[in-house]
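Here we start with a single chain on its own, the form predicted on its own, put down as structure tokens.
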């Protein structure tokens, strides 16, 4: 059971890391307030099921759509700022949303908000059901991310990430594609929040605070921004770290911050980014193995002749 709980928690962080990858990894928009959208989805789903009588399965798409709409509006409001100023703006959004969660009586205010356990086939969902749901969502988000990467949307987002002015000069509507990335990324974070709320059965404003945003960003940076494999690897590594190193759990944010600084200084591509030393080494081994197989096939062919 312990392994199942840890796996669900890591799966939730994988979804958050993948969603931030669309905004920061693909488009190059620095977002330091991603936990705010995680919280909007969680509270939306909690209100939908607890106060409006909706089922969990209806609350999931509701959280996805509403968080995406909020992300679109906040993305529109942030269009005039970029780089460092955008990062500061997203931090502000995170603080504002946490304050709303914390001081709104309808949302439980400082006491937090209980959430009903969802039903599946008339019975309460078990941890195994949540694990299966998280895995299905990860697969779907990976397929969506891969589709974005290989489409003209991915080309446009990559152009904006590499050089915004150059992308605009060849006719790419920079603002439009920034909003698209922000909407998709925040909507996925909201969907993840809905799953988290019903899995935990209790949510509190501090669950979605700035420290959670830093944790998500650290996962993406460590794994490698701009790649699906990097987003997943970073979430797995930093998700397992607190379990493996419990003796330093009180210093978790210090460790995360140090890792973030070291990665940005010495390996900004992350562990599995396109030009990282680990990924470059893996590609070199693949080429050597392919060359060895080719030599063996030719040798076998000559032997038969």
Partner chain sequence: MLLQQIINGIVIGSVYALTAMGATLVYGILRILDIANAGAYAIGAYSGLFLYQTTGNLALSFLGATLLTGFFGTVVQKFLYLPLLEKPPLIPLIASIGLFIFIQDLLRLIAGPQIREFNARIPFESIRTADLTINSVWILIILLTTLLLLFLWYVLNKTKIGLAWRATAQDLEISTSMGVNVKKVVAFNFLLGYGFAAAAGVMIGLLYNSVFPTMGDVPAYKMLAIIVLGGLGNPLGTVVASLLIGLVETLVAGYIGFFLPRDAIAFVALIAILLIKPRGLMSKKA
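What you are looking at is a predicted structure, and each value in this text was computed from that prediction instead of being measured. Residue numbers count along the first chain shown, from 1.
Absent from the display: the form predicted together with its partner chain. The rest refers to it.
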Next item on the list: Flag this candidate site as yes only if 138, 233 and 243 all have a heavy atom within 4.5 Å of its partner chain in the model of the complex; otherwise mark no.
Entry: no
Next item on the list: Using a 4.5 Å heavy atom cut-off, state whether residue 180 contacts its partner chain in the model of the complex.
Entry: no
Margin query: I'd like to know whether residue 228 contacts its partner chain in the model of the complex, with contact meaning heavy atoms within 4.5 angstroms.
Written below: no
Check: Is residue 80 close enough to its partner chain in the model of the complex to count, meaning some heavy atom within 4.5 Å?
Finding: yes
Notebook entry, point to check: Does residue 113 reach its partner chain in the model of the complex, with heavy atoms at most 4.5 Å apart?
Noted result: no
Check: Which listed residue (87, 209, 125, 172) meets the criterion of a heavy atom within 4.5 Å of its partner chain in the model of the complex?
Finding: 87
Notebook entry, point to check: Among 166, 155, 143, 100, which has at least one heavy atom within 4.5 Å of its partner chain in the model of the complex?
Noted result: 100
Margin query: For the interface check, one of 115 to 123, 87 to 95, 144 to 152, 199 to 207 should have non-hydrogen atoms within 4.5 Å of its partner chain in the model of the complex; which one?
Written below: 87 to 95
Item checked: in the model of the complex: members of 217 to 235 within 4.5 Å of its partner chain, any heavy atom -> 217, 221, 225
